[in-house]
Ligand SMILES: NC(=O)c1ccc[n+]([C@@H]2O[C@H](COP(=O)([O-])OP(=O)(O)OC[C@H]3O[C@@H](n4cnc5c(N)ncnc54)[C@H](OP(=O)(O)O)[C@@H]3O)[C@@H](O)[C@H]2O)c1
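Quick setup: one chain, the form predicted alone, written in structure tokens, and binding and motion questions come after.
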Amino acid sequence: MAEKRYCLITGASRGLGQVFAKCFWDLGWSLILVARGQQALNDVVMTLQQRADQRVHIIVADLADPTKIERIAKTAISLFPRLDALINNAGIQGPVGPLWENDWDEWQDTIQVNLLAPAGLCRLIAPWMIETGGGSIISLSGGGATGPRANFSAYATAKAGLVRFSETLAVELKPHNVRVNCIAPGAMGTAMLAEVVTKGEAAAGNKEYEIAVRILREGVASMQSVAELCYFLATNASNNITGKLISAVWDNWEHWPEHIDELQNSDAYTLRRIVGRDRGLLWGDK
């Protein structure tokens, strides 16, 4: 009989979170699904075929409220014997437009949901994973994590912070058999992207607006391919892969296990400062 596996997914009521839930459930995992809406979570559960050897639980919580983080962790610990995977998927886009025109409360809420909530969950879940033999923490990155994203300062700041946080946590947890990685899912026709179109070209900027319109019309990345990468990172197939930002679209991650030594001894697939010599600007460095 296959060993039972347990996973907690935030932002599980729609989009990628819903795809993750179905993927892990179909592969035999028991789940805790977290999102803001009771009915939306119930609807997701209704799509999962009932199985006697699997359990699914829902937690209704708004991650914009810092007090909910401890309740989520305590509930998970009370429900499952361990947690094999924590998937920090929940995210909000936040205010769109120049920083000085942003609503400051919305800006701070974006940092809370996209950065502080995942960090808070990791802080509470990591000791449990250590005590129970290890696990995997997977966080969803997004546009702006690896380069400037004008008119989306809150979102970009939070996602860049989340990647560097994950790199740092990966080093701390490596001796304890807990892997920590981020996924860059690529551009998908999600509700968040539709919000860019709704906000309009004036707020989002011409480039972001045109990209959103094109992706909503044509599509680019596949949610299923992101789920496959997420599952790979949650299982022992990804042993010794930690502290990386992995693109579901551009990276040949399926073959990374064949090159573990090279990967572990490289800063490839991480956030790093680019200096002058990296670009042939030798006048810039001492």
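Numbers follow the displayed sequence, beginning with 1. Model, not experiment: these values are computed from the prediction.
Separately, the form predicted together with the ligand exists; it is not shown, and the next lines address it.
The ligand in the predicted complex is not approached by R179, whose heavy atoms all lie more than 4.5 angstroms from it.
Contact annotation for A202: none of its heavy atoms lies within 4.5 Å of the ligand in the predicted complex.
When the ligand is considered in the predicted complex, L31 lies well away from it, no heavy atom lying within 4.5 Å.
Although the partner is absent here, L63 lies within 4.5 Å of the ligand in the predicted complex, judged by heavy atoms.
Only one of the listed residues (L169, A160, A90, L116) places a non-hydrogen atom within 4.5 angstroms of the ligand in the predicted complex, and that residue is A90. Not one of L8, P127 and G135 places a heavy atom within 4.5 Å of the ligand in the predicted complex. Heavy atoms within 4.5 Å of the ligand in the predicted complex belong, among the stretches 227 to 235, 243 to 251, 36 to 44, 257 to 265, to residues of 36 to 44. Contact annotation for 254 to 286: no residue has a non-hydrogen atom within 4.5 angstroms of the ligand in the predicted complex.
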